[in-house]
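First, one chain by itself: the form predicted on its own, in structure tokens.
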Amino acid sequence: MQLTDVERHILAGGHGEAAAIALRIVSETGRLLGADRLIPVASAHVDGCLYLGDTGTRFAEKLVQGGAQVAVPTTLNVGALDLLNPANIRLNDHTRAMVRRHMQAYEAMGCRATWTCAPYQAGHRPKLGEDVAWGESNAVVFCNSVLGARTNRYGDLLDIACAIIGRAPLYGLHRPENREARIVVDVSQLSSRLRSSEAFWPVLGAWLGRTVGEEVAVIEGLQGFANEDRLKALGAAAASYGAVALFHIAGVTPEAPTVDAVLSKDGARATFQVTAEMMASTRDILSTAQSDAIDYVAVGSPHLSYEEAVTIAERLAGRTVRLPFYANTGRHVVQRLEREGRLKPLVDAGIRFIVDTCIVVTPIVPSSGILMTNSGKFACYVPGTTGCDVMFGSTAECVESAVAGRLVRDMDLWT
């Protein structure tokens, strides 16, 4: 690892104890990963602000005591408390206190209190080609794929270390040659009706993650069907069911005007023609429930966008839900809904907004029963983190099921 004179000065304590700790973490991690130097980053998104035990809190507080301040604009992923509605969370007094201290420590380091896994929808949008240091799998894949910025999947504690020194190791997706596609995926033979459905995108993402692992794929056949929320859903599922950190969509994402523009110079390692049968079988994997008797509904993983919240309101059309309905989102969305007079009708309809956190990272929903969701990421994690079984469906199906108090699904879409 070749450090500059400035970096050696930081390592020697010239910028304080916390900066020295941060640079040691980043440079040693980079060395282990094969990087020979560090590069400046324009911003960071930190996932380490989520409480995973008292040690994480003490580490963050040690950084604060050592004078840590982030050197670049830095947003915060979800924490383990809903700071606007603390009663939403079921934690004992000790854990609740440690969680609050943990979140406060990250704010004390100068991080923006965004508390969302979708910082790109809260104004944090790096430019095409910018190097950044982002944590949280869905944020990473969106940043690389949809925005065209460059980041690896920076894990907890490494992410805040990068933010403090404003540097990251030069390896992986920071290098242009590692952003080339080696897998071609063709979905052009699927029906327009299926590709136009928002339920299709997390299913395609789950298939992509299970099929390519961490390799970079370019997808053909989605021109005219994509929007930001659909790309968000695709990337989140691909990162959950696999380790995808970057995908390209020909004619849609910024680095891929065509398939050939992003294809590896060595050509494709594999080409997949996606069929309706492949999508239907993957859709079935997203449901673990053996019964249709659903108990709750949860949406918003990644966090619900403003547009998605409005869609739910329009679908409800003044009706109320019979089942508990958890809408996980960022405070920026709730605040906008409130400003525009859209929040109260949703709350009156029975929608329970969860902000700053979500149901899979802290105790909110009961630990048994069947939870219905439109999220591929929730479908992946809910059984293991909450104890609930899961039933996958579209947003419309989630709303209609919550209103009816029973499962409502249209399976014709997948045939």
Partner chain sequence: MTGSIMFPGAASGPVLVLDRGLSFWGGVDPKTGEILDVRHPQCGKSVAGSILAIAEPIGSSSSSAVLLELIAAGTAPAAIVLGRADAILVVGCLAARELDYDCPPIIVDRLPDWATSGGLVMLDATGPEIKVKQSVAGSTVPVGEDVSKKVAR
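Numbering follows the first chain given and starts at 1. Please read all numbers here as calculations on a predicted model, not as lab measurements.
Just so you know, the form predicted in complex with the partner chain exists too; it's not on screen, but the next bit is about it.
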{"property": "Heavy atom of G300 within 4.5 Å of the partner chain in the model of the complex", "result": "no"}
{"property": "Any non-hydrogen atom of T288 within 4.5 angstroms of the partner chain in the model of the complex", "result": "yes"}
{"property": "Partner contact for P86 in the model of the complex: the partner chain, 4.5 angstroms, heavy atom", "result": "no"}
{"property": "Close approach of A19 to the partner chain in the model of the complex, 4.5 Å, heavy atom", "result": "no"}
{"property": "Interface segment, criterion being heavy atoms within 4.5 Å of the partner chain in the model of the complex, picked from 223-231, 141-149, 334-342, 206-214", "result": "206-214"}
{"property": "Heavy atom within 4.5 Å of the partner chain in the model of the complex - residue from V360, I354, I370, I351", "result": "V360"}
{"property": "Interface residue in the model of the complex among C380, I364, A35, L346, criterion: non-hydrogen atom within 4.5 angstroms of the partner chain", "result": "C380"}
{"property": "Contact test, all of D82, R125 and N374, partner the partner chain in the model of the complex, heavy atom 4.5 Å", "result": "no"}
{"property": "Members of 47-74 lying within 4.5 angstroms of the partner chain, judged by heavy atom, in the model of the complex", "result": "D47, L50, L52, G53, D54, T55, G56, R58, F59, K62"}
